[in-house]
Each structure stands twice: as C-alpha cells, then as structure tokens.
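Shown here is one chain on its own, the form predicted on its own, set out as structure tokens.
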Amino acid sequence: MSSYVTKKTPGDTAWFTHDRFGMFIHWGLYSLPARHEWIKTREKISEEKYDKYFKYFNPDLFDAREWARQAKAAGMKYAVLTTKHHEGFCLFDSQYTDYKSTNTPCGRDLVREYVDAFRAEGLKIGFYYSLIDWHHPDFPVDMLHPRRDDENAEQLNEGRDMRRYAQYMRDQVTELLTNYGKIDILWFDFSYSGHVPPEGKEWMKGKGKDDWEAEALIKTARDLQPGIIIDNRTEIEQDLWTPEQYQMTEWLRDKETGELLTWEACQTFSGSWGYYRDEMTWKSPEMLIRMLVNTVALGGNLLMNVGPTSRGYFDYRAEEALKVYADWMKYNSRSIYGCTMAEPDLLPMCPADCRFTQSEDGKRLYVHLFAYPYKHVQIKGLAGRVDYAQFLHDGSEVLFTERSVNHFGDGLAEGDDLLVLEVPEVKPHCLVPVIELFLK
C-alpha cells in the first residue's frame, strides 16, 4: 500500500484521489462577447450594455449528453460546471434571482441538463459557485468591480449590504444541493482579502471569509451533503487545495504542519477559462499529456477546463484537445487511475526525461517516457525488484537485463543495482509511451 497519508479533511476524498482527472466547464453570458470570462470588469461594461448578452443568450446547439460523452471518452471521471460565475448569471432556475438561464431566450435549466447527462455517463458531479457577484445589488463596488472607476463609485455602495448577499449565497447553495440529487464537489471561487485597495479608497477593500460568512456557508453545504468535497477558496480550509494555471514541482504540503494535502491543479486548454474566440495560446498535445502525468506523479488531480461557445458546443480546438486525452487515456489510463507519487525510495531512481507513477497497492510502477530513448532505459536501483515489464498501450513485453548494458561487452553503465529496459529503436505510435513494471 502507498505510504503517503494526506491531511484529514471533512469530506470523502477517497474516490477523488483514485479518479485523478476531471473536466472544468466555464460557461455563461461571457461566451457571447467571447473575449474572456472577466470581460465585464476588464472592459468596465455597464449593466445596461451587459444586458445585451442576457437578451441574446440562446445556446440552441447545447447537448449535455454530447458534453458528457466527450468527457468520458477523454478519460475524465468527474466534472465541475460554473453554476454562477463572477458576472452573477445563473445557469439554474433559482427562485432568488431573475438573472438566470430560464429567463433568457434559452429558457432552460442548464444545470439540470448537465447533471442528468453527466450522471448518466457515470461521472461524478461538481458545482462551481462564485463568491463574487458583479450583478447583485448588495455586492459592493470594490477594486475588482466593473464600476470601480465610476465618478460616483463610492456612493454606489450606499445601501448595499453584504449580510443580505451572504444570505443570498446560502439560499442558492441550498437550492443547488437540494434540487439536483447527490453532488460530489462544491467549488467556491474566490477570496481576495489580501488585495490592498488604492490609497484613499479603503472602502474598495478585498473580500474574504468574514464577508462571505464562510463558516455558515460551509455549514449549510455540509448539513445538506455531508460527504461533499469543498475547496479552500472561502479562506477556510476544507478538503481541497487548488493551484491555478500553475504546474507544481512537488506535492503540496501544509505550511505549518508539513502534512501532505489533497490537491487539484486547475488548468485551461488555452489562456482563458471562458470561450475566447481569438485566444491563440492553445497547449500542444505533448504538453496536455505531460500536465496530467506530472500532476499525478506528484500526488495530485488535474481539472482541465473547456469553455463552450454561446451556441452551446465545444469548438474544434477544444474537441481536438479532448481527443488528445481520449487517444492516450484509452490505452494508458491504468497509469493514472488509482495511482500516485512513487514511493520515496523509488523517486531518486527516475531516469532523466521520465516520470514515475505508482499504483496505490505498490505493485506496479509506471515509467512515462517524455523523451523517447535510444534502445535502453536505464534505472539505477531497480535490479532484482522487477518481475515483468511491458508497454502499457499494447501489453507487449519489454525485455530487460540487470547489472549492465548488453552492448558489445563494453561494460557500459555497470552496477549491481542497475535495471536496463530494452526498447525498440522506433518510438511506438503513442504520444507518451508508458512502461508498466510489475514489482516483486
């Protein structure tokens, strides 16, 4: 069994750390302007102008079943949908606001369709819920608000009441965790109490756990769904730490106790979360696979984002990226599911340009070949510990010798603890080949 023990948390993370790979979905009114999900505040758009997007939101090509099929094919085991992003628009039929999908030309509860479709494919269900709301009349104008530079910005805050807004959030979370069956993940986003307002504008201060009344918000969620996984972005530690748009180089630890944490890297196919028509920094196929492998090799999960178009489908670039995962995971998912960081004694043995993952029972070690070698993979320290080796994608045997490289008797790279895997000179038809080692 794996020797790694993570910090105990309130929710049930056992399934989560087994499944390892999920789909993030950022969808809202911002899919119409199609130039970043923060467009309302980036371009300081007024409510009147932003209402155009509400008026014309009509995803006529939305088919949640197709989304779910693509997620499942890509090897994703769970999904997290933005039920409400910072713009305040709700994809569900909330009784506490008129600013919702059922009041647009769409006329549908999109969260309901998502839940039903993804659950039917056997995927776990997650809800993203924004703590920020640039539409709600009680949410204060602050340094991130679209109206922060209005001449009367400070006066706009008169009568706004964060306590009413905090109650609104609890009411909506109650709806989300009551009306859609079992929900596996609740993904709050985000706190920014550390943001320092401009000098002389202290009223623009950032927001944190006290503003959200986070303890009451979390209690509401846990009372309704006791086993649910909740992230830590309310500023109260819960189950899940979520480094964003960043590739970790070591397993995330508690800064005070040093305990290992349950963590999930959230990433995008391109540089935006919402659909961005003209954004061009799309990740290469090799990078997509490496990000998944790197994350699991450090004991984490990967939540990879898709931003659907305003008509409700994944554009061709997103579909191509999902197919990269589908093609690779079809044959290599065994090195991801139920796997984690290799045991501490094995970590130093990992060859250059490779990554290890190991099954949680400790019986299988996976060698991911980021750079394909010439004829041999040398692993110093593994001699006498491997019973059988094979390529994972096709189950074909990989022969090995121990203690020396068989190369015209030159005695190259000799050592009593050396394991030498013999690989074909031509790289297999696989983006990142994986060698599966069955340990004695």
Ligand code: GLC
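Position 1 is the first residue in the sequence shown; the rest follow in order. From a predicted model like this one, the values you see are computed outputs, not experimental measurements.
Separately, the form predicted together with ligand GLC exists; it is not shown, and the next lines address it.
Trainee: Can you say which of 355 to 363, 85 to 93, 206 to 214, 108 to 116 gets within 4.5 Å of ligand GLC in the model of the complex, counting heavy atoms only?
Mentor: In short, 85 to 93.
Trainee: I need to confirm a contact call. Of W328, W263, W273, F139, which residue comes within 4.5 Å of ligand GLC in the model of the complex, counting heavy atoms only?
Mentor: Partner contact (heavy atom, 4.5 Å) among the options: W273.
Trainee: Please pick, from F314, Y129, Y99, F190, the one residue with any non-hydrogen atom lying within 4.5 angstroms of ligand GLC in the model of the complex.
Mentor: Checked against the cut-off, the match is F190.
Trainee: Could you confirm whether R35 comes within 4.5 Å of ligand GLC in the model of the complex, counting heavy atoms only?
Mentor: Answer no; every heavy atom of R35 is more than 4.5 Å from ligand GLC in the model of the complex.
Trainee: Given that the partner is absent here, does R233 sit within 4.5 Å of ligand GLC in the model of the complex, heavy atoms only?
Mentor: Answer yes; at least one heavy atom of R233 falls within 4.5 Å of ligand GLC in the model of the complex.
Trainee: Does R385 reach ligand GLC in the model of the complex if we count a contact as any heavy atom within 4.5 Å?
Mentor: No, R385 stays farther than 4.5 Å from ligand GLC in the model of the complex.
Trainee: Is H26 close enough to ligand GLC in the model of the complex to count, meaning some heavy atom within 4.5 Å?
Mentor: Taking the distances in the model of the complex, the answer for H26 is yes, it comes within 4.5 Å of ligand GLC.
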